[in-house]
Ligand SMILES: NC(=O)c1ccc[n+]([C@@H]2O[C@H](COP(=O)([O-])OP(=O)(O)OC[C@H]3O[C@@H](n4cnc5c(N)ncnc54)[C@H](O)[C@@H]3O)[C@@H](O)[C@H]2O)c1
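Taking the form predicted alone, here's one chain by itself in C-alpha cells.
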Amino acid sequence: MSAAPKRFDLSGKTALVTGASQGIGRGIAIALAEHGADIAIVDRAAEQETEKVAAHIRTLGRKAWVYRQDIAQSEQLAAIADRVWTDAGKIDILVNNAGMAYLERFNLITIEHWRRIFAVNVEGVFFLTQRIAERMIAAGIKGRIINVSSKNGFVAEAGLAHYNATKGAIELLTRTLAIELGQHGITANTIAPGCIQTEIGHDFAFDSKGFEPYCQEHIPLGRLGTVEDCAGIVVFLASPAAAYINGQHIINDGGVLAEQMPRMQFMPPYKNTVAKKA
C-alpha cells in the first residue's frame, strides 16, 4: 500500500502573494514556503524591503521572485500577472492579501480616499484574479484563489465606512468566483481576520488611546490575533486538505462575532463546580 499523501504538503506549487513585505502577507508567504511552495511577491513597497522576505524564503530552500507593483493600478495588473507567470512558469495559488484602510468619520471621507481604498481592496483583487484565473484555466491547473477579507465584511465598524464596504464586496466577489471557476477545478475562498497585531493595525487602530485593551476585553479568547493565526488558515486552504472547500469564508476573530451583546462584565464571577479531590 502506498503512503498516504501529506495533507498540507505544497511541494511543487507556486504561490503569488500580494502585499507580502510585512504583516499578514509576510507571514503567509513564509508559511507557504515552509510547506514547500515557491513564492512570487507583488508589493508596492521598496524592493529592498520585499527582498528581505524573499531572502528568508530562499533560506528555506524555496524559490522567490519580487515584483514592485501598486495593486491600485488595475490597468497594469494583467501585464504583471503575465510577467510573474512567465518567470515562475505557473501559479497554483493566488493570495490576494494587499489591502488598506483609513480611520475617519463618514462625513470626512474624500473621493480620493474612497476611490483609493476600492482600487486596492476590490479592483486590484478582481483584475489580478481575472488574469491569473484565465491562465490557470488555459494551463489546466486546479488552482486556489484565497482572498484576505475581514470580519468587517460581515459586521460594520465605526470610522471605516469605505473599508467595510470593500470587505463586503470581496465576500460576494469571492463567492461569484467560486461559482464560475468551480467547473475548472479552481476554488475561491476568503479568510476574514479580526483584530490582528500588525504594522497596519497599529497605523489605523491600536494607536488610539485605550483601544487595544478595550478590544481585548471584547474578544472571548482575551487576546489579539497574530500573523501566525492567519497564515495557518491560508496554508490549509491552499493544501490538498481543503480540496472540496469552495465559496466559503473562515473568520478568525477570537470569537468576536459569536457574541451578540457584550455582557461578560455583568456576569457573576466564574465559580468552579468541580469537586476538589481529597
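Note that the structure is a prediction, hence the values are computed from the model and not measured. Residue indices: 1-based, along the sequence shown.
This protein has a second form, the form predicted together with the named molecule, left out of what is shown; the following refers to that one.
**Student:** Would residue 94 show up as a contact with the named molecule in the predicted bound form if we use heavy atoms at 4.5 Å?
**Tutor:** Taking the distances in the predicted bound form, the answer for residue 94 is no, it never comes within 4.5 Å of the named molecule.
**Student:** Is there a heavy atom of residue 198 lying 4.5 Å or less from a heavy atom of the named molecule in the predicted bound form?
**Tutor:** Contact check for residue 198: yes, within 4.5 Å of the named molecule in the predicted bound form.
**Student:** Would residue 14 count as touching the named molecule in the predicted bound form under a 4.5 Å heavy atom rule?
**Tutor:** Contact with the named molecule, no.
**Student:** Might residue 167 be said to contact the named molecule in the predicted bound form, defining contact as any heavy atom within 4.5 Å?
**Tutor:** The answer is yes: residue 167 has a heavy atom within 4.5 Å of the named molecule.
**Student:** I need to confirm a contact call. Of 84, 132, 145, 98, which residue comes within 4.5 Å of the named molecule in the predicted bound form, counting heavy atoms only?
**Tutor:** Contact check passes for 98.
**Student:** Partner absent here, but in the predicted bound form, which of 113 to 121, 181 to 189, 85 to 93, 134 to 142 has residues with a heavy atom within 4.5 Å of the named molecule?
**Tutor:** This holds for exactly one stretch, 113 to 121.
**Student:** Which of the residues spanning 145 to 176 lie within 4.5 Å of the named molecule in the predicted bound form, based on heavy atoms?
**Tutor:** 148, 149, 150, 163, 167 sit within 4.5 Å of the partner.
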